[in-house]
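There is one chain below, alone, in C-alpha cells, taken in the form predicted alone.
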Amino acid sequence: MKIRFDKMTVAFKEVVAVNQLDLEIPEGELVCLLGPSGCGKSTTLFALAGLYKPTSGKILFNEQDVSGLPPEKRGIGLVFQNYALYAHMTVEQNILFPLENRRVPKDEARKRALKAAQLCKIDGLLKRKPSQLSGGQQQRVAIARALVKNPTILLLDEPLSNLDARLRIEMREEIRRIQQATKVTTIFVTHDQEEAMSISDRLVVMKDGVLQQSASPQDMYNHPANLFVAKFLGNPPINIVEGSVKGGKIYVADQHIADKEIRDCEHAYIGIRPEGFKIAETAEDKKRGFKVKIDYCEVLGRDTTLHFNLGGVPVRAIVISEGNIKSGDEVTIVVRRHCLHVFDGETEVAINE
C-alpha cells in the first residue's frame, strides 16, 4: 500500500503537533519516523491509524482519501510500545482475538494464527500466558496479533523501547526479517537513530512537527538537508564549527581547511564527520591539509580518536591507529570532501551548489 500525506496538519487547541506534512511512502518499504520527543512522529502514526483526525490536509492510501475512515476500515495493524497483550489470555488467544472480533471461521482463524506465530517464531509458545514470556517474546506476540489480520500497513510505535540493549538488537533484526517476508508497508516510530538506520529503507526526520528530510539512511547521512539533520544523525556526532566560504575555499577562523565548489557564504556552519579526517601522508595531502595541535588521543584498537581545537571549538577525529601520535604533537590533518558539509549561517540549510 502506497501512503501519501497531502499537507496534513494535526493540531490540539493551540498546539500544532504536525504542520503541513507532505510525504510519500512507497509500497512495501520499511520507513522509520525519527526525531526527538515532541517532534510529531507518534502523532503522524496515530493519524495514519485513524486514532487522530487531521485538522487539515489529507491522508491517502493508493490515492484514496482515508482521512475520515474509522480505524477498523483502514486495514491497519498497530503494535504499541507496551505491547497491550491480554494477561488472562494465552498467546494463541491473544493472536486469535482480532479474528474473533471479525467473526472469521474458527478453522481459518487458527490456521492464520499459527501461520503468524510461525512467522514470528513463537509457535512453540501458543499455550503460555504473557506473564510467562520474556519481553522479546511478548513483542513477537504483539506483532503476530497485528499481522494475523493481513494488514496492508503495519504501524509500530516505539516497539523496542522496553527491551534491554541485547534484545533491542535481536528484535530490530526480527522486525526487518518479518517485514521483508510479508512485504507489508511498515511505519516504525523511534527516537533511536542507530535503530532507525540499521533496518530502514527510508528515514523521515521530523522536528517541531515539521518534516526535515526524507531519504535512505545512507543518503541522509551523506547529504543532510540542514544543520538539524546533520547533528541528529551520527554517533559520535558530527563536528560543527563556524566559518565562511570564499571563492570555493572554506575557512575557519581565517584558516583555510578545505575546498568545495559552492557559493560564497560570509557566515556558515561547517560540519565534518569524525571519520572525515585523515592524517596527511603524501606531499599533496600536506599541501591540502592544515596543522593542528593534538590535545589528547585515545587508541581503541583499529582506530585512534584525536582531540584538537578548530576555530576555538573542540573537535574529534577518528583515524586509522597511529601509534606514533601523542598528546602535544602537531600534525597535518586533511578533510575528506565527502564528509564535509556546509550550512548557511542564517537558514541552516545545506549549501550544495
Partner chain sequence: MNDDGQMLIFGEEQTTGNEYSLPVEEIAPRSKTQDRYFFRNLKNYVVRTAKSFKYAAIKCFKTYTNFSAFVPNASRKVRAFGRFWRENANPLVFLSRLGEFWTDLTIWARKKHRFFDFYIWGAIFGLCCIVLGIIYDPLTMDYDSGKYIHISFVAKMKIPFFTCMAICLFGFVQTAFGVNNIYRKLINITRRYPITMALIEGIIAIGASLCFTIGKDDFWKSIMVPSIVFLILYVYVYLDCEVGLLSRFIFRKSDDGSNALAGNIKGFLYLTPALLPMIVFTFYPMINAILMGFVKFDKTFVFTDWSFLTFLNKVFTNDAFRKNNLTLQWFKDTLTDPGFYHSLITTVIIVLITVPISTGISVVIAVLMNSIKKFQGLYQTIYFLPYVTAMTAVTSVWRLILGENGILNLIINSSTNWLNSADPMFIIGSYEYLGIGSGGEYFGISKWAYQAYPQLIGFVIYSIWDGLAFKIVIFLTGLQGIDKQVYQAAQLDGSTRLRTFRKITLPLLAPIMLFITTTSMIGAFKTYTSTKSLFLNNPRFETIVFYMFKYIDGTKTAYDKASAVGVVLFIIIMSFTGIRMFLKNRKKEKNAPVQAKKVKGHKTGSAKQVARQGGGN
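Here the structure is a predicted model, which is why all the values come from computation and not from measurement. Numbering follows the first chain given and starts at 1. The term rigid core refers to the maximal set of C-alpha atoms that superpose within 1.5 Å between the two forms.
Same protein, other form: the form predicted in complex with the partner chain, not shown, and the subject of what follows.
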Suppose contact means a heavy atom within 4.5 Å; in the predicted bound form, does that hold for all of A253, V331 and V349 with the partner chain?
no
Would G135 count as touching the partner chain in the predicted bound form under a 4.5 Å heavy atom rule?
no
Check Q193 for me: does it contact the partner chain in the predicted bound form (non-hydrogen atoms, 4.5 angstroms)?
yes
With a cut-off of 4.5 Å between heavy atoms, is E275 one of the residues that contacts the partner chain in the predicted bound form?
no
Interface membership of Y52, the partner chain in the predicted bound form, 4.5 Å heavy atom rule:
yes
Position in contact with the partner chain when the complex is considered in the predicted bound form, options H88, K183, R177, K111, heavy atoms within 4.5 Å:
H88
The one option of V245, L203, I238, A116 with any heavy atom within 4.5 Å of the partner chain in the predicted bound form is I238
Tell me which stretch of 193-201, 279-287, 214-222, 254-262 has a heavy atom within 4.5 angstroms of the partner chain in the predicted bound form.
193-201
Within 249-270, the residues having any heavy atom within 4.5 Å of the partner chain in the predicted bound form are Y269
So with the core overlaid, does the Cα of Q93 end up 2 Å or more away between this form and the one not shown?
yes
Once the two forms are fit on the core, has D157 moved its CA by at least 2 Å between this form and the one not shown?
no
